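For reference, the chain that follows is the form predicted alone, supplied as structure tokens.
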């Protein structure tokens, strides 16, 4: 079969002939038609991820065919018995297991789901990892309710966009931030009320004057900007954080947290129940993932470069020929 191989850290990806996987008992062989990139794939290639083992076929997201059905894959493996948090054996498809950037992938049968009928293979491939991450942060962890006001940072990335789409479908009012005026404009065209550029001085005060306070905040950055979030919150608000691209938080005031009774919820990926609920919601509301660009498999290094430079608005997808 044809597959994308990461030979080693900081090495170019290669499209190679690779032996087809031989599924163990309880596993199935899925013919992949489209696969999507996540920041995780870029971090692994750059050596910025725990437990890296190469060579490996990357990729967590995939849609294709199995048993005469159009299917997509839940990339969470071995979550464990506690729905509150993943166990010690938890891992994500694509590292250390070979992933979806190949014509065939072996996955547990229980991780295979029917594609939403309204989605193409490319659209369906964009959904799994980012969709379940957004779902768990927004609903399982932060318990978003209809009519609440939501602030989502870093709009343009896959998880942030799904969080926006899900929140809007649930009847929330959504505000966003980005370092790009173009991305803010695209988000408002999709239904966000307004947005702010976090590169501008006093962006938080501008947002406060626009929106008042927020009931739910979804963040992927951390860093010093995170310390400004509690002041933007209403009493009883929930902050969900699923990433930390800006590093450690300095200047966070505990007084605001306890006086407003604000909860901070860490969130990673999602369990099988989260994934099933997310998929049902997508079907119910006929949500269509935002696709930034579709690359042919042979242009995988160009796809990685686009994600590395944060040029995308939506998911970057590989077509597996």
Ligand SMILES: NC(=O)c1ccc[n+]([C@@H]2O[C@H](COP(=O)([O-])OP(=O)(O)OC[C@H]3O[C@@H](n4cnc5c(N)ncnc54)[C@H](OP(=O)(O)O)[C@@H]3O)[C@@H](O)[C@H]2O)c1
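Quick caveat: nothing in here was measured; it's all calculated off a predicted structure. Numbering follows the first chain given and starts at 1.
Another form, the form predicted together with the named molecule, is not on view; read the next lines as being about it.
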Discussion item. If the cut-off is 4.5 angstroms on heavy atoms, which of these, 240, 128, 99, 157, is the one near the named molecule in the model of the complex?
Written reply: 157
Worksheet item: Using a 4.5 Å cut on heavy atoms, which of 140, 111, 165, 177 is close to the named molecule in the model of the complex?
Response: 177
Worksheet item: So in the model of the complex, does any heavy atom of residue 267 sit within 4.5 Å of the named molecule?
Response: yes
Discussion item. When the contact criterion is heavy atoms within 4.5 Å, does residue 244 count as touching the named molecule in the model of the complex?
Written reply: yes
Worksheet entry | Interface membership of residue 299, the named molecule in the model of the complex, 4.5 Å heavy atom rule | no
Discussion item. Taking any heavy atom pair closer than or equal to 4.5 Å as contact, tell me whether residue 27 reaches the named molecule in the model of the complex.
Written reply: no
Worksheet entry | Option from 146 to 154, 102 to 110, 119 to 127, 67 to 75 whose residues, in the model of the complex, bring a heavy atom within 4.5 Å of the named molecule | 146 to 154
Discussion item. With the named molecule taken in the model of the complex, which residues across 297 to 321 come within 4.5 angstroms through any non-hydrogen atom?
Written reply: 307, 310, 312
